[in-house]
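Form predicted alone, single chain, as structure tokens, below.
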Amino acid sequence: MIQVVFDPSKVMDIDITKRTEYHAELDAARASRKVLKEVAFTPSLPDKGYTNRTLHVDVGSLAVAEKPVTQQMKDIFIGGRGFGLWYLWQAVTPQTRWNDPENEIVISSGPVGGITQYAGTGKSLVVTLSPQTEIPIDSNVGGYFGPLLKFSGFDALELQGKAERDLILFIDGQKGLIRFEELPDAPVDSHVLGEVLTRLYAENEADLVNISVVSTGAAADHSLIGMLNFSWFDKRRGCVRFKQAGRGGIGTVFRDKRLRALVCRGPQVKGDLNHPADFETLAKIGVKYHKEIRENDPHQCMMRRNGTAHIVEIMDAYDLLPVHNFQYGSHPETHKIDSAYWQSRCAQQTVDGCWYGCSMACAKGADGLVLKTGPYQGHMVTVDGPEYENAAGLGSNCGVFDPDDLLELNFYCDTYGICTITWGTVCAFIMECYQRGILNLERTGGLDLSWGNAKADLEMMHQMARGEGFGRIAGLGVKRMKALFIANGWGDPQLINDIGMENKGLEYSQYLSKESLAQQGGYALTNKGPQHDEAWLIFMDMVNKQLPTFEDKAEALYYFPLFRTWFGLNGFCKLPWNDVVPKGNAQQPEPHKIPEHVQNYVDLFSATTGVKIDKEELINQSARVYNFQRVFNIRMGKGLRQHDAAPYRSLGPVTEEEYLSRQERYDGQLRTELSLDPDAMTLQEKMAAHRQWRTGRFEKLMDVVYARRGWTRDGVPTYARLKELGIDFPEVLEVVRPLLGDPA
């Protein structure tokens, strides 16, 4: 076993260009390369943000077709996630399952995506039917693929069918060629495959930055929780790096279709490739925002230095950091994995963004990690992150506070194609089941899954990548593990359901929501499942006390999911919106919305597309897609109130240990909220009173939120709401009619 002691002073002395290189793998892939089919197309650049065509690929028949982007698609669905949902709706039926050939993976950027004047515009949105939730999942991911696809000529890529063999799909936007290739000897895992394919398809060193690879790894073949890596070539490090489309098992669908990788070779990126309607306005807004980041970020969130990991210690201080499967909110060892450590660990002395022109530059990387386990033991690698979700999920939620162990977990999740958020919550659930005797050495195949046992955690991950042992069970996800453990009679069903942190089949992301009713709704009242990208309200609600009434919380749960949806329609990252704010923002009306930045987005859309909108129309654009997705869920057999139910661990204390860890707080709530005397009650009576109160107020929140969204008490968009939004298409009304009755 290699022992690695990290010396922060030496990080920039590591010659990272001398890390393990993959010449043999590249030679083997090149030698085994076989072209199966080649199709010519005419490359084109966008006009006012749109290329006005999309690419449909059937990987089973190797058929390629172009589709026009209609005006209705632009008006109703905008781009990105909207285009993905629209194409997926047309491709599937209510009977379609995730592993049926007709299921699609749709990748689309959005009309503003790919501009280089404003921070965070390199995003792609990936949409498919999820293996975990069985409804549409969408994931917002960085890297270069979406913009390069767009600049090659396509607003979206639809992948349908199932191949007979592992395929590489190569889209050459410089030469106008689409090739299906077979590389039997290509490596499997993303960190090697990405390097090999980037160098295989680039024509010279200068061309490396024009290549982006979409891939997954070995674990996606043997689990439901696979994710996709989207690459870019980091010129400073001289290596390929990745961002992840990480929720809902998208990578599993990718491998089920026998796709080994997508490769796009785009044109050299320049500042005007979107051909915006008003380039001068774009440039003006960008200059203003770059100045704001430069002046304000060092005094605010330090995103350029720490990325999202800057909030680890903040969450810990406010009792919001998930510890031991969301039981507790802080831990005495948090300092080992907080931003002070990552500042020394991550080599981010210069700009470190995942798309051109992003001056936020939060895509930090930890260089020089020598792996201690698994098939790449002894290799020196760069780890992208850890971001907050990874530090909290892989770290504190599982009791892992050794930073090198955390980085190794992060690395193997990435290269194996495992969603880090999902794995953190999966492993935390397993560890608590082990703690409580639901699991034991016999049931785990000899893995001691006690809190903090990173070695066993990694071995479980390696097993999943090999398709063996308890790793295959872990790869089912929390929902299916709960059902399995209960069916086997391994523990109390209520306890197992209470501590299994999933909703709609998707694992919770990494914030402790027990004391934030708004965040409870922000997780459970989502379309796709409990991902914080819809509504991160925990600070507004719990810390800043800006949402005191049910109506205030409902308004926030109306506005913010719609506002954040808009980023995914256009190809934006959400971080530049509120992780750096203008000076004087606190004195603005509704400062929590960052009104100056909202106006930036309005102006960016108008300047790119030539379509004039205001901040109200921005919300309407999202509302059309958001309500369409809700109807899509209903079409697939979900999307109702019963599917928005939350596990009790997200609402309140499940166990005696949890209650006693915050006894003063909980006893105080009994007095002030319920007019009860805790001194006259047993512990079990106090916990029962809390459960009744907390579940009752969550039910009330659902009522108020549904009403504000224009939905019935069962969570169905009304005829009036669908008509108001202009999405009362016959096929949409057909879905809701059995639940609403015939319209008056």
Partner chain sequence: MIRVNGDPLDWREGLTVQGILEARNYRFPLIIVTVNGQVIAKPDYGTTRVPEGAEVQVLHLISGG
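Positions refer to the first chain, counted from 1. It should be emphasised that the depicted structure is a prediction, and the values quoted were computed from it without experimental measurement.
This protein has a second form, the form predicted together with the partner chain, left out of what is shown; the following refers to that one.
Q. Of the residues Thr93, Asn578, Asn620, Asn99, which one places a heavy atom within 4.5 Å of the partner chain in the predicted complex?
A. Residue within 4.5 Å of the partner: Asn578.
Q) Which pick from Phe151, Trp342, Phe242, Tyr511 sits with a heavy atom within 4.5 Å of the partner chain in the predicted complex? A) None of the other options qualify; the answer is Tyr511.
Q: Using heavy atoms only and a 4.5 Å cut-off, decide whether all three of Glu551, Tyr719 and Leu725 touch the partner chain in the predicted complex.
A: So, no: the whole triplet misses the partner chain.
**Q.** Contact label in the predicted complex: Thr655 to the partner chain, heavy atom within 4.5 Å
**A.** Judged by the heavy-atom cut-off of 4.5 Å, Thr655 is well away from the partner chain in the predicted complex.
Q) Would Met73 count as a contact of the partner chain in the predicted complex, using a 4.5 angstroms cut-off between non-hydrogen atoms? A) It does not: once the partner chain is placed as it appears in the predicted complex, Met73 has no heavy atom within 4.5 Å of it.
Q: State yes or no: in the predicted complex, is some non-hydrogen atom of Pro591 no more than 4.5 angstroms from a non-hydrogen atom of the partner chain?
A: Answer yes; at least one heavy atom of Pro591 falls within 4.5 Å of the partner chain in the predicted complex.
Q. His310: heavy atom within 4.5 Å of the partner chain in the predicted complex?
A. Because a heavy atom of His310 falls inside 4.5 Å of the partner chain in the predicted complex, the answer is yes.
Q) Taking the partner as it appears in the predicted complex, which of 163-171, 472-480, 596-604, 317-325 has residues with heavy atoms within 4.5 Å of the partner chain? A) Going through the listed ranges, the match is 317-325.
Q.
Could you pull out the residues of 278-300 that have any heavy atom within 4.5 Å of the partner chain in the predicted complex?
A. The stretch 278-300, when checked against the partner chain in the predicted complex, contributes His299, Gln300 at the 4.5 Å heavy-atom cut-off.
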